[in-house]
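Shown next as structure tokens: one chain only, the form predicted on its own.
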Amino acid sequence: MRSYDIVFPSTQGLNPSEEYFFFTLDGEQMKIHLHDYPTIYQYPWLYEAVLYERLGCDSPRGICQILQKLFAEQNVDTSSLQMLEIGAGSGIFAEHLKMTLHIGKIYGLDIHQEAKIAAYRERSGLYSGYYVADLTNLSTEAFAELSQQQFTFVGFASAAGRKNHILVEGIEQAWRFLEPNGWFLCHVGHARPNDPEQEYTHLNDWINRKIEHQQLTLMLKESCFHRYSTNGERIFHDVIVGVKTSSGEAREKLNYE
């Protein structure tokens, strides 16, 4: 893995969507926002260097530990699962899923072409397929192909909520690609009081509605350390795992057809 010169500014009170770092390459210093994925993915292993080496991101390992225990309790044959990972990025979470849980097939989806390039560059052979698409504005071709895949596991890690992340409307679309009785994984941050960015609140409300309307059977909700902020604050997200109900599928068809 390449070594990079990375410096975090001494700042206080930034929202996670505002965090940035300075990156020096060939004598030139650049300011890059932490969630400017198209720029970060252009440089091999830069995402890993910033998020994992410097900010101690532990979500992939933590989520896989939680899933491993739950799937063992439920006698899930993980090798038979066909997963759609949304907000797949460069494949770090999928790599953990393969190594820890031995998921049969994982298909990645990300809005950025740079993410697919990084995933194939750094983790060749990991994904059974990788879609570059906007879940809120899918082409007819992409919708048809995803609909035919019969995914039995849909989920994401650290890919929802704030700027440059998947909106609730996109997660709803991914949910529709999940087969009845399939597993659904949500990884969502904690909403802050008076937070001007309400996506975490919207996503939690969306999950609660799925449960209340009996479309999702909640199997587990557990807080898990995500990473440190650039100011050294510990950030936690909730890992939410459930099963899509057959009755929920029937209601969806009535609502969306």
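What you see is a predicted model; the values in this text were computed from it and never measured. In case it trips you up, residue 1 is the first one in the sequence shown, and so on.
Although not depicted, the form predicted in complex with a small molecule is the subject of the following passage.
*Asks:* Name the residue from L146, L126, A133, A174 that puts a heavy atom within 4.5 Å of the small molecule in the model of the complex.
*Replies:* By the 4.5 Å heavy-atom cutoff, the listed residue in contact is A133.
*Asks:* Tell me the stretch among 110-118, 97-105, 74-82, 177-185 that has any heavy atom within 4.5 angstroms of the small molecule in the model of the complex.
*Replies:* Partner-contacting stretch among the options: 110-118.
*Asks:* Is Y200 part of the interface with the small molecule in the model of the complex - any heavy atom within 4.5 Å?
*Replies:* So Y200 does not count as contacting the small molecule.
*Asks:* Does any heavy atom of V154 come within 4.5 Å of a heavy atom of the small molecule in the model of the complex?
*Replies:* The answer is no: V154 has no heavy atom within 4.5 Å of the small molecule.
*Asks:* Wondering, does Y228 line up within 4.5 Å of the small molecule in the model of the complex on heavy atoms?
*Replies:* No.
*Asks:* Does W45 make contact with the small molecule in the model of the complex, using a 4.5 Å heavy atom cut-off?
*Replies:* Taking the distances in the model of the complex, the answer for W45 is no, it never comes within 4.5 Å of the small molecule.
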